[in-house]
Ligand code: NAP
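We begin with a single chain expressed as structure tokens, specifically the form predicted on its own.
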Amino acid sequence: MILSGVELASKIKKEIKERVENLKAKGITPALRCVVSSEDGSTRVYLNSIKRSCDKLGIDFAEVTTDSNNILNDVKTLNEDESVNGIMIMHPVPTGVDEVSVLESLDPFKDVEGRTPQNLGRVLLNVRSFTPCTAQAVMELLEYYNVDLQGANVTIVGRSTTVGKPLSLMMLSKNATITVCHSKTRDLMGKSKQADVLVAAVGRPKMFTADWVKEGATVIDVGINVVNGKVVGDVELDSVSKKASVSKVPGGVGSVTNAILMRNVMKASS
């Protein structure tokens, strides 16, 4: 089975649009600000996709251009601006600036990406919070397709603070048994083949072929890679889909991630 995130994302955004309209009827317009200090191509593509979603859903969107001398003050200003509900710190931050310090300065109630130490700590405690959007997207995609995590062997390949680490805790709260792998893992293929649920989040195009996957497994492809001008995932879709259920790229986790970000902005304004 090919797992698509498009239908789930559409369902989430329909609910958001209705709630945003209700908020506007009360004189409240959800507002998102993106703090930008880099103009690399990938950042611009991401910003454009966020703006398109905001425009469609009636969310006020704007960029705040900053640099190493002003980023902390700019974040402070946005924290104190009552008209701003959600703030994103675009990666990478300026050279010479400690990204953790910037995230620590961000109001956790406006942290719609779930990246502040406070919100990540609440994931550890299994307390409601803004969770990292991509990790949350994986969880909701699995739920949408009725994948039972209780007692399942889950292998997550990737240990970032936005996907691998928080996702492992979120799955643990569902009583799954978690293995987190990375570049130093011994017998990575063997551990992948043992998984009932395999999450590929390494950023290497088509690394995971059918040889890496257990028969009948569920494979969630988080990878976003550009090869010859086309977006591909970390999973070789054609071969893996013959023996396992696998999410598509594009149109899989990324679609749901975008919808969850919009939902968080709406929640932050409620």
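From 1 onward, residues are counted along the sequence shown. Given the structure is predicted, the values throughout are model-derived calculations rather than measurements.
Below, we turn to the form predicted in complex with this ligand, even though it does not appear here.
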Exercise for the section: Flag Ser183 as yes or no: does it have a non-hydrogen atom within 4.5 angstroms of any non-hydrogen atom of this ligand in the predicted bound form? Expected result: yes
Problem - Ser160: touches this ligand in the predicted bound form, heavy atom cutoff 4.5 angstroms - result: yes
Practice task
Using the partner position in the predicted bound form, report whether Met207 sits within 4.5 Å of this ligand, counting heavy atoms only.
Solution key: yes
Handout entry: Close approach of Leu172 to this ligand in the predicted bound form, 4.5 Å, heavy atom
Key = no
Problem - Joint contact, Thr134, Leu188 and Asn225 to this ligand in the predicted bound form, by non-hydrogen atom at 4.5 Å - result: yes
Completion exercise
Note: this ligand not shown here; in the predicted bound form, the stretch from 194-202, 71-79, 114-122, 140-148 having heavy atoms within 4.5 Å of it is 194-202
Practice task
For the heavy atom contacts within 4.5 Å of this ligand in the predicted bound form, list the residues of 51-71 involved, in sequence order.
Solution key: none
